[in-house]
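First, one chain by itself in structure tokens, the form predicted alone.
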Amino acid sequence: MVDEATKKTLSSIPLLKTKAGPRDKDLWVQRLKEEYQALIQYVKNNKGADNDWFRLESNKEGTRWFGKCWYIHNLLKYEFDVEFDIPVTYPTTAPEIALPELDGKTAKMYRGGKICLTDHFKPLWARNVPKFGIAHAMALGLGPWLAVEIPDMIDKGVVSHKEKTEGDYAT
């Protein structure tokens, strides 16, 4: 059911051990350490495979995450803000990843720009509690969603490339 590339990606992301959410005080600190270790490894793997596609950071408590994600289509980089909160019932409940600026631009999205992950990702998450974490949500949730939805939105003219402004040399 899962293709070889996905299996390879998954096997290189460390699994998490601590079943703890934001209300679990000391255990949450341990879980956050595991989350950061898994994210760091995933980003390292992506950079090594020339597949760097997101940046994330969190608030001090590790309950609110935000950053940027991007998708390259026809050699043009499309960049979006990404954000999500850790549910109080985490890790039993997966985070709801949002791309606010795309709110209302595709049917595969909920209010507030939350991407639709119900059919494919959430059942997989439920079978892997507490082993899956934020890195897994990015790899199995947001990554595939971007790969399907962004080219479709570009083709329909719903999303257009933001031209670089003078002095903006970063890709």
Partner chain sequence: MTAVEWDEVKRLAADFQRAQLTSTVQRLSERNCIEIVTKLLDLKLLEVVFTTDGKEYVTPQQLTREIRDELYVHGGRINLVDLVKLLSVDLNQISARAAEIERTDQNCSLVLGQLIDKTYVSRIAEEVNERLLQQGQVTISDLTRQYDLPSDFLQTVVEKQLGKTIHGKQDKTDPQVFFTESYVARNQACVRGALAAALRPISVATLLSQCGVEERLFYSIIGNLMETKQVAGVITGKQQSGSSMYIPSIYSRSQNEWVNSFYKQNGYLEYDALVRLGIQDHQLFVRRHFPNEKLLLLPTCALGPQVLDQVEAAVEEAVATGSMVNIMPLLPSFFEPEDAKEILTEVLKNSKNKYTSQNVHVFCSTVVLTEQFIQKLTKPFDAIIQKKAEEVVSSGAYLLAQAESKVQNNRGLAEQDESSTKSDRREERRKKATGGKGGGGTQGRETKTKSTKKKYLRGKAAAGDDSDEETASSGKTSKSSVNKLELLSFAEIKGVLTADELLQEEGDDLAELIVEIANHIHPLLNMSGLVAAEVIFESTMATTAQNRRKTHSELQDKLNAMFTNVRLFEKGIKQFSDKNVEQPLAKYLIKTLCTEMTNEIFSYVAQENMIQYDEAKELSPEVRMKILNDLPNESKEPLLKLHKSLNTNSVEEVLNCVEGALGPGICDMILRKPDKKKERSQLLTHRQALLEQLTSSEDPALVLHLASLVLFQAVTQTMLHASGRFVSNILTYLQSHLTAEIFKTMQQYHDLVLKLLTSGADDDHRSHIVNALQEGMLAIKEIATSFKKHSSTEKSQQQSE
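Positions refer to the first chain, counted from 1. Keep in mind the model is a prediction, meaning the values are calculated, not measured.
There is also a form predicted together with its partner chain; it is not shown, and the following applies to it.
Enquirer: Within 4.5 Å of its partner chain in the model of the complex, heavy atoms considered, which of 129, 124, 43, 116?
Expert: Result of the distance check: 43.
Enquirer: Can you check 45-53, 116-124, 141-149, 103-111 and let me know which stretch has heavy atoms within 4.5 Å of its partner chain in the model of the complex?
Expert: Of the stretches listed, the one contacting the partner is 45-53.
Enquirer: If you check in the model of the complex, is residue 33 within 4.5 Å of its partner chain, heavy atoms only?
Expert: Heavy-atom contact with its partner chain at 4.5 Å: present for residue 33.
Enquirer: Wondering, does residue 39 line up within 4.5 Å of its partner chain in the model of the complex on heavy atoms?
Expert: Result yes; residue 39 sits at the interface with its partner chain in the model of the complex.
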